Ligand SMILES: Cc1cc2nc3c(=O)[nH]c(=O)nc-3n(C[C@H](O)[C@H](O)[C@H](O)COP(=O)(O)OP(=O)(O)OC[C@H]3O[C@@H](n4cnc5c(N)ncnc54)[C@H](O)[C@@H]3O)c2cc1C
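What follows is one chain in structure tokens, specifically the form predicted alone.
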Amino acid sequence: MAGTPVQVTGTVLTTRRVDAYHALTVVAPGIAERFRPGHFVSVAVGGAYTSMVTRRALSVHDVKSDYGGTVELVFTVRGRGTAWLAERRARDTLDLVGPLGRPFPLPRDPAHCVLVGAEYGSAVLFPLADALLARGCRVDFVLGGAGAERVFGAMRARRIAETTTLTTEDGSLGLRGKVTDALPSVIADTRADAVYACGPMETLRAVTAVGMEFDIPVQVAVEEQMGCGIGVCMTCVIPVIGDDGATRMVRACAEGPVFRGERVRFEDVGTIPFDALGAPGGGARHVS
């Protein structure tokens, strides 16, 4: 049953603003009990008679057993769909499908893990942190954003992690710069065994590069536009190198959103590389 998606009508329990972001806690027992860190939820927007037919894929920040099971969804307003979600109030209902995607793999033995989050991508790292701590792992956070109001989860991170490093591009909170500016020293100081990251593609690309310099594995949860969330529409495909060395266009919502960072061809995201399987004249193996 774990991980098998279900469609439920969930009742909004609470709504809150978290600086620049919105958080909805929804009663969704079937989803909560199946959830694993890294999973996401797709939500129908606009109401019964809307012209907005595509769902919105939302990050899960927290899962609790209250009321039979609740999930807290975190998002930022980007358009009409998320603006509609931001207007929901307690006792409103939402059509949800989840949990969706491939979750984060967890280490078999206790390990030192650095969790890197940019903007509201940090939300997905907190259920992961709870799972890692339950396995006896050490957890250190590196969280960042453009400004202080766009750094998500700083207070909670400080409560649960061994150390928390904050960065902002404007210098309004923590160190001035990006998460990747602080990451090398955190990896070295904590003697990290693994890095987990979520955020914009450029951030994930840079985090992966740092992890490769230190020769430690990096697991990334990618943020891609998802039309259906179940692998049908193919709008979220990205080029990923397989175990056989061949590049395939894989669905971030189905085969992801979690991937090994070094396997994602970040430089080719948004394109179909000529050497990808199925591309015109393609199919060559990727040589780094």
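Here the structure is a predicted model, which is why all the values come from computation and not from measurement. Note that residue numbering begins at 1 and tracks the sequence as displayed.
If you look for the form predicted together with this ligand, you will not find it shown, but the lines that follow are about it.
Chemist: Heavy atom within 4.5 Å of this ligand in the model of the complex: which of 191, 159, 78, 91?
Modeler: The residue from 191, 159, 78, 91 that makes the contact is 78.
Chemist: Do residue 163 and this ligand come within 4.5 Å of each other in the model of the complex, heavy atoms counted?
Modeler: No, residue 163 stays farther than 4.5 Å from this ligand in the model of the complex.
Chemist: When the contact criterion is heavy atoms within 4.5 Å, does residue 55 count as touching this ligand in the model of the complex?
Modeler: Yes, residue 55 sits close enough to this ligand in the model of the complex that at least one of its heavy atoms falls within 4.5 Å.
Chemist: Hey, in the model of the complex, is residue 225 touching this ligand, heavy atoms inside 4.5 Å?
Modeler: Residue 225 belongs to the contact set for this ligand.
Chemist: Is residue 82 near this ligand? Define near as a heavy atom within 4.5 Å, in the model of the complex.
Modeler: So residue 82 counts as contacting this ligand.
Chemist: Any chance all of 117, 196 and 219 sit within 4.5 Å of this ligand in the model of the complex, going by non-hydrogen atoms?
Modeler: Spot residues vs this ligand: no contact at all.
Chemist: Counting only non-hydrogen atoms, which stretch in 241-249, 29-37, 259-267, 55-63 is within 4.5 Å of this ligand in the model of the complex?
Modeler: In the other structure, the partner sits against 55-63.
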